[in-house]
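In C-alpha cells, one chain follows: the form predicted alone.
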Amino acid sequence: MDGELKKGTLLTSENGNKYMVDSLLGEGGQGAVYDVVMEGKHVALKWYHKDKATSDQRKILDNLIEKGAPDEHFLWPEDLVIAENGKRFGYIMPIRPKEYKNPVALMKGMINPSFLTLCKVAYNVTLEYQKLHKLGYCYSDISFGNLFFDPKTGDVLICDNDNVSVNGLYASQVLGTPRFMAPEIVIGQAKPSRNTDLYSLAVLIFYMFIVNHPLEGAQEASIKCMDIHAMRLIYGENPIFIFDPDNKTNRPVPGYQDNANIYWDIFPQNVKDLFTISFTTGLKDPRQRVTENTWLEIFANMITGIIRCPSCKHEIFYDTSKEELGVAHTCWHCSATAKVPVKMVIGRKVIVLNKDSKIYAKHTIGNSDMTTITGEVSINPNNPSMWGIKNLTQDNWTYIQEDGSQILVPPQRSALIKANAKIDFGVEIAEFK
C-alpha cells in the first residue's frame, strides 16, 4: 500500500512527541492502525490512507483532541501525527487490551458470554453513547466494527471516534456501515445525527441479543444476489421488522434464520416491546425512536432480574408481564418451572433477590452507575433461611418494618428481607415484594 508504515519508522506529533512504529494491528477503509511506542508505552496510531487524509478530517481531529473524550471508555484521539511532507497524517489513541472482543466474535460463536454479561454490555454501550450525545455529538457509525467488550465483565470500549461530529453539523466522511444505517440515510434523505445513532444502536443491541438482523427475514431470504439494489430495498425503501405484530410478511425463515426464532422468546416482553417500537414506528419516524434513558431502565432491570433454572442452572429472565398474567417462568432450555424469589422494587427498578444478588448505586442513589456495588444479599450463618441486604456504603440506611417501626442499618450490617418491609437509602426507598 502507498505510504505503508514500516516497523521502526519514527514519527513526530504536533506536540513534539516521538512515536516508533512497532507492528500493524489492522486495516480498514479509512486507514491502518499500528501499535506504536512512546517512551516505552504502547499506544495505537490510526494512519489515514492518502485519499482519506482530507482537510475536513483534520479539522474534526483538531476539535476532538481539544475537547477530550467523554470518559475512559472511548479510545479517543489524543495527539496528531503528521508526515514530514505534511500530506499524510494520523492520530494517537489508547491501545485496546487483548481481552476485549468484537461483537463479530459473538456472532460467529467464538465467544459465549452469559446473558448477564450481554445485558451489561448493552447497558454500558448505551450509557456511553448517551454521554457522547449529551456533549452535542453524533457518532455517525455505530456498528460491530467500533465496539469492543470484555466477555467476562461486560465492560466496553468504543473506537474509531475520529468520525464523531457535532450533531446537526455533519462533516465526517462516513455515513455509516451497511445494515446499521437508518433507512433515511440509506435512501439519501438524511445525514447522520443523534436520531440515526439511536436507530443504529437498536440494531446493534438486537444483533447481540437475537443474533439476527431485525429486518432480515423472508424478504432477505428470497433475494438471490445481495447487491446494492437489494440492500437499498431491505434497509431503506421497504424495511419490515421480522416480528412486526401487524405485518407478518417478513418473518424469519425456519432452517435459515433460526437464531431469531430461538432467542426472541428468551427475552422479557418489555425489551421485545422496545425492539418493536424501534423497528416499526421508529423506522419511519426518527422522533419516535427509543431513547437511551428508556433502554437503560430496561437493561438495568435485566441485569438484576436473572433467575437460575432449578434444574439445568441456565439463566432465565424475570418477566413482569408473566407475573401480571399469572404465567409461570419456565426455563427456555429444559422447560423446568422456576420460582421467582422475593423482589426489591424501587420505583420502576426491580432486583430479583437470589443468594448472589447485588444492588448498585443506581438503585440506592438514583444515578446511572451500575458498576459500584452498594449492597448485596447476605445469609445468616446461624439460620440459612434468613436472608438480608448488607449495607456496603459508608452511610446509614433505615429499615422500615410492616408496622411502620424503624431500625437503623449502619455500614456492614444487614436489613432483613421480608415481604412488605422497606429500606430507606436516603435518596431512594425500596420495598420487598
Partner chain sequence: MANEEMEMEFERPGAALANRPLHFFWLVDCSGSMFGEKIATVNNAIQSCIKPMQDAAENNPNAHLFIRTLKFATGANWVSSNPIPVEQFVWDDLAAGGVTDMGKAFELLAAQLTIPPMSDRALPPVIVLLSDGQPTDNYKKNLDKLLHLPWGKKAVRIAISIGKDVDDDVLLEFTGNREYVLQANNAEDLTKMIKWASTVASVVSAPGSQEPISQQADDTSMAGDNNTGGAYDMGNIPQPSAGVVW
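Residue numbers count along the first chain shown, from 1. Everything numeric here is computed off the predicted structure, so don't read it as measured data.
Omitted from view is the form predicted in complex with its partner chain, to which the following refers.
- In the model of the complex, E84 stays away from its partner chain, with no heavy atom inside 4.5 Å.
- Contact check for N247: every heavy atom lies farther than 4.5 Å from its partner chain in the model of the complex.
- Within this chain, A221 lines the site of its partner chain in the model of the complex, having a heavy atom no more than 4.5 Å away.
- With a 4.5 Å cutoff on heavy atoms, D227 counts as touching its partner chain in the model of the complex.
- Heavy atoms within 4.5 Å of its partner chain in the model of the complex map, among the stretches 311 to 319, 282 to 290, 127 to 135, 196 to 204, onto 311 to 319 alone.
- Proximity to its partner chain in the model of the complex, defined as a heavy atom within 4.5 Å, holds among T304, N212, N161, S165 only for N212.
- Of the residues G154, P77, G176, P183, just one reaches its partner chain in the model of the complex with a heavy atom at 4.5 Å or closer; this is G176.
- Residues Y263, I266 are the ones in 263 to 296 with at least one heavy atom within 4.5 Å of its partner chain in the model of the complex, listed in sequence order.
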